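Encoded as structure tokens, the following chain is the form predicted on its own, with no partner shown.
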Amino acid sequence: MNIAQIAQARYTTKAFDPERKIPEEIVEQLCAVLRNAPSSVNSQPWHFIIADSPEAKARVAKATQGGFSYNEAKLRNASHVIVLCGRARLDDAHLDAVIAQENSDGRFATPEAMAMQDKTRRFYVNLHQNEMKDDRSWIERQIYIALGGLLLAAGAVNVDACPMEGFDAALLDAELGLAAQGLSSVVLVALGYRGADDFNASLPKSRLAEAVLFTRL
């Protein structure tokens, strides 16, 4: 696998073939990439909603009303749509669940090591929630780490993708009842296979030159 080639080949797909579905085994691989994404102090402040039926995708597409209508066809025609959600707060129940899972997975040699990990994570959660008061931004930054991994992984298995912020988040949150679950939508990803009318497929990729982007110390 040549990661550079995958990064060069993948692009933001503008139109999907509605007749092609991603095989379930590939979907499971992409879900595994999301589940194993890194996050600050392993806080895992996310939840992922997957829409793969016409009815489910139509519910998500409701959020493209008004000024976001240009994204409706992408959501309806994609094989799968993933709503990447952030937790409103990293409360005690969530933090208890994370430390319990880590313990179950055998990450701690001693009870003291477990207690130290829990203390460290809670320190950073408190720092962002109560001192810096930027917890929403902090949580969203973790979600975009997961998004980046998903996009590269999709390219590695020849699945086309279109990440999008062009949707009415308040409308989607209401449609999916996210507030009651302590969640809010952050970004959408349409996944599938490019359609014949995807103008972006034939355009050359354009990025600033390495000399502009990199400084070696």
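Numbering starts at 1 and follows the sequence shown. Computed from a predicted structure; not experimentally measured.
Beyond what is shown, the protein has a form predicted in complex with a further copy of the same chain; the following relates to that form.
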Though a further copy of the same chain is not shown, can you say which of 76, 122, 141, 89 has a heavy atom within 4.5 Å of it in the model of the complex? 141
Taking heavy atoms and a 4.5 Å cut-off, does residue 10 contact a further copy of the same chain in the model of the complex? yes
How about residue 203 - does it come within 4.5 Å of a further copy of the same chain in the model of the complex, if we only consider non-hydrogen atoms? yes
Even though the partner isn't displayed, in the model of the complex is residue 196 close enough to a further copy of the same chain, meaning a heavy atom within 4.5 Å? no
Answer for residue 149 alone: is it within 4.5 Å of a further copy of the same chain in the model of the complex, judged on heavy atom distances? yes
Contacts with a further copy of the same chain in the model of the complex - residues in 187-217 whose heavy atoms fall within 4.5 Å: 200, 203, 204, 205, 206, 207, 208, 209, 210, 212, 213, 214, 215, 216, 217
